[in-house]
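Read the single chain below, which is given as structure tokens and is the form predicted alone.
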Amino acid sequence: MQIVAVNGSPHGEKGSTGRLLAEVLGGTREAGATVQLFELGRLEIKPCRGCDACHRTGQCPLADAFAQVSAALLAADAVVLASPNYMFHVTAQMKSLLDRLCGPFHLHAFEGKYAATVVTAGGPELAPVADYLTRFLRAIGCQTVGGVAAEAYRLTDAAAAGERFAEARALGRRLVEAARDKVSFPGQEAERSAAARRMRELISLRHSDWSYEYEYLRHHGQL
């Protein structure tokens, strides 16, 4: 069982997001999984420039760490996306990665994978980031097991931190168990199916421009 986690915080493992994520990953290891962690603050992933090469050829022409991270995500059984709230959204580092995953997003390429989210914030604005990450994960094909979120100051209080850390470890164990047992989440199916259908329709309309994606869907019997 391979878990791939991405920490979008520029503070890495020493930040609030990194500490909460570490507990989730601790839970996945307790459940018997192996973990690969990418700290986006230490990697160069350039912003998407909207060239459409991924749709035409299946490859991104930008030379940076994206190919390594995306390959690991595509090979994983389950993924964890973690980000603090920066100005009511994920960090710039995380947003660059998610934008660059536009090709796999179009192809619903994470179908069959499971996912969880980790979010922190300086105040109570946790839901916008958690909801965004969950929506992205379902639209790219994942079944989401849940998430853990905390206001950063609460992680400095022993009692509050202990409760959140326990919740995070339980989430990690639950993620592995769901992926291992192929648990189904019927309540998510309509959202996931609608996202895949929208992409199929869009690719069909743009078939002459997005030849790689069109042929990919044809080859896999999705058109």
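A quick note: this is a predicted structure, and the numbers were derived from the prediction, not measured. Don't overthink the numbering: it's just position in the shown sequence, from 1.
Although not depicted, the form predicted together with a small molecule is the subject of the following passage.
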| query | finding |
| --- | --- |
| Residue stretch of 82-90, 102-110, 137-145, 68-76 approaching the small molecule in the predicted complex, non-hydrogen atom distance within 4.5 Å | 82-90 |
| Partner proximity in the predicted complex: Ala152 to the small molecule, non-hydrogen atom cutoff 4.5 Å | yes |
| Partner proximity in the predicted complex: Met94 to the small molecule, non-hydrogen atom cutoff 4.5 Å | no |
| Glu125: touches the small molecule in the predicted complex, heavy atom cutoff 4.5 angstroms | yes |
| Ala121, heavy atom within 4.5 angstroms of the small molecule in the predicted complex | yes |
